[in-house]
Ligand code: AHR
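Form predicted on its own, single chain, as structure tokens, below.
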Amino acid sequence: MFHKIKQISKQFHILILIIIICCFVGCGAQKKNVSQIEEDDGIIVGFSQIGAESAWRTYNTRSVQEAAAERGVQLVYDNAEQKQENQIKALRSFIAYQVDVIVFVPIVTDGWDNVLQEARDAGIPVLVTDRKIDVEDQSLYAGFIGTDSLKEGRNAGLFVLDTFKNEREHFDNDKEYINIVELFGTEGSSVALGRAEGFRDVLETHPEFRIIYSKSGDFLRSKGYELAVEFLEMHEDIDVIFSHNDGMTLGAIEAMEERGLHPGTDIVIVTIDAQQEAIDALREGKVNCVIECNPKTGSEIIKLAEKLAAGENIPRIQYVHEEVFYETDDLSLIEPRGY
């Protein structure tokens, strides 16, 4: 689960040395001596990922793994399988293992105070990535690197406003509102909350836009399909689908096409992630706007982890570069996404 087989023997011998050290000088010296023993082999980073629910997530994990291998960093990896309790167990195992740095993608924003306090007590710095957390003491983690979900939501709202500007100017008695369906991400996750907030910030001064349906699809394609079946039965007049990720979008497109609807034409679709399938759908006219959520963060994550292991300060917040792809763009210029 953690290391390549060839590393297991070495770690076993290190564990024996740790036990010997504890017997003679006390366990308080454990972390320092592990670092001394392995200083020629690079640092050890514990990385807890939330799961593998999408092509985006798989690519994000691979990005970190490849960056660690390139820089000679030993990566202790754990897949939480979408469960916070699994992730907390993983973080505690990293603490017991005495890694040099902990990096994790928090499933939800709350519930991390105790385990992060344990990490600090053990002298292990923590880097949060992709999703943000809400803790009483902000010093419990060193920094955040990832997406600006609030900006992503705003970009989605701005696209919808621009798309329907002519309709807003020429309302008739039969069309009072622009009706919006929202496919919400995982409840309690910072990215879902940020995307929803940013979208609403843009539309709040335009009462002709209304969200008639908003439900969590947990960022899963299968649930996107299920929700689409539901909202298509509930509502006949839908103008826009705002989806928090491509997986749910692609599931919704399947449900629409089964009912003879033309996604991107009958209903305007704006989605977030920019995985290859979504870009292909944009080229086919089935999606109208794709907002990038950049998964290629591995290199920067590992560099920040190395700085933390060396006792250096890092930026409190570091956002990654992201783009927006519109149906009116020259889509032939978009390079293969890789995920």
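Sequential numbering from 1, following the sequence displayed. Small disclaimer: the values here were computed from a predicted structure and weren't measured.
Beyond what is shown, the protein has a form predicted in complex with the ligand; the following relates to that form.
Student: The chain here is shown without the ligand. Which stretch in 48-56, 298-306, 61-69, 279-287 comes within 4.5 angstroms of it in the model of the complex, by heavy atom distance?
Tutor: This holds for exactly one stretch, 48-56.
Student: Can you work out whether D130 and the ligand are in contact in the model of the complex, taking contact to mean some heavy atom pair no more than 4.5 Å apart?
Tutor: Contact check for D130: yes, within 4.5 Å of the ligand in the model of the complex.
Student: So in the model of the complex, does I44 come within 4.5 Å of the ligand, heavy atom to heavy atom?
Tutor: Close contact is absent here: in the model of the complex, I44 is far from the ligand, nothing within 4.5 Å, heavy atoms only.
Student: Answer for V270 alone: is it within 4.5 Å of the ligand in the model of the complex, judged on heavy atom distances?
Tutor: Result no; V270 lies far from the ligand in the model of the complex.
Student: Please check if T249 has a heavy atom lying within 4.5 Å of any heavy atom of the ligand in the model of the complex.
Tutor: So T249 does not count as contacting the ligand.
Student: Looking at L183, I102, I253, V191, which is the one with a non-hydrogen atom within 4.5 Å of the ligand in the model of the complex?
Tutor: That would be V191.
Student: Using heavy atoms only and a 4.5 Å cut-off, determine which of F219, F94, F242, W112 is in contact with the ligand in the model of the complex.
Tutor: So the residue touching the ligand in the model of the complex, by this definition, is F219.
Student: Under the 4.5 Å heavy atom criterion, name the residues of 275-311 that approach the ligand in the model of the complex, in sequence order.
Tutor: Contacts from 275-311: just C293.
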